[in-house]
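Okay, here we've got a single chain as structure tokens, the form predicted alone, with questions on binding and movement later.
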């Protein structure tokens, strides 16, 4: 059997696709309307898949329901952001009270202080924090800080890394250099050193994820991360660690586990408790560029640090305890083993990358350097739709992320549903 099966969902409609079309007719209708109003019917590329995405009506705990009335066990949790699942009672209660009092105003609010204190207390490298409305904004803001401090205009990141949607970072996620973007190979210190030796005089900052997320949950070697930090500082550039996804892995982020101190840290996702959020943290002398007494750059946002998001983020962080992190890690490891065994039973090529509570799957004998380079699109697309047909929801690129409200029984059910989905996929291989 080939270890890489490619193709398109439109090559030959099969039973999996036919079942999906039959059970999601209202989602199809809503998507058709959306296509008239938005390019491609979506404002978020990561939530699109062929032939069209589900439309979700409501969610609670580890499950949500689509507009056609079907229930799903959610194993992606909004691309890792919903670390406590959907409609988490403590977050709902706190935000409902705040919404009744008002959602935003052009003045200060006290909840932002409490969330900032939590972040500063948990992450030793952060003395102060500046809030934004997304991880993408946090990346752009970190680059702004680096440019101001160094007087330089370019950045260096890992090829196939992901730091949000600004063009400076987006080109890198597809392995292409841009006008201000240099690339080097992840987990290869010498490659980063070579780029810094040649272009260091122009590079304001090196951006790295301690675990590549969008590329398929690829763990960074600690020696690599420490080596790149040293090389960045030798070249006079800042070292920025992107913990937007990875803060879920440890109370103090991966930097605490690795024992590394970045100049700036990007945050997002779980610090918003299900609401749009982003943040940049670092030493006070670096964030001084925003101090009104000596303002060096004007940074604002109508909904930056609004009290609803700040309250939700405070609850989210307080409730993400070391015990609950360990529980998610254990469950993800159990799920990984169950998926590997199911693929073997059905004769499917299969491999995984896992770190903590996140997992990425591939229908190939080994995982590629990046999900961008995967060659199993047909199998993965069919498996994704087959999972939906059986009431299991994962990312169409194979990403899975646990939540604190996922039970051991849910994991057992997920393995059973995935087994049925793999059976359907194997039955359609000719």
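All of these numbers come straight from a predicted model, not from anything done at the bench. Residue numbers count along the first chain shown, from 1.
Beyond the structure shown, there is the form predicted together with a small molecule, which is absent from this document and is the topic of what follows.
- Of the candidate stretches 338-346, 69-77, 265-273, 152-160, only 265-273 contains residues with a heavy atom within 4.5 Å of the small molecule in the predicted bound form.
- In the predicted bound form, no residue of the candidate spot (351, 376 and 425) has a heavy atom lying within 4.5 Å of the small molecule.
- Proximity to the small molecule in the predicted bound form, taken as a non-hydrogen atom within 4.5 angstroms, holds for one residue of 216, 135, 253, 172, which is 135.
- This chain is displayed alone, yet in the predicted bound form one of 220, 164, 307, 200 has a heavy atom within 4.5 Å of the small molecule; that residue is 164.
- In the predicted bound form, the small molecule sits within 4.5 Å of a heavy atom of residue 245.
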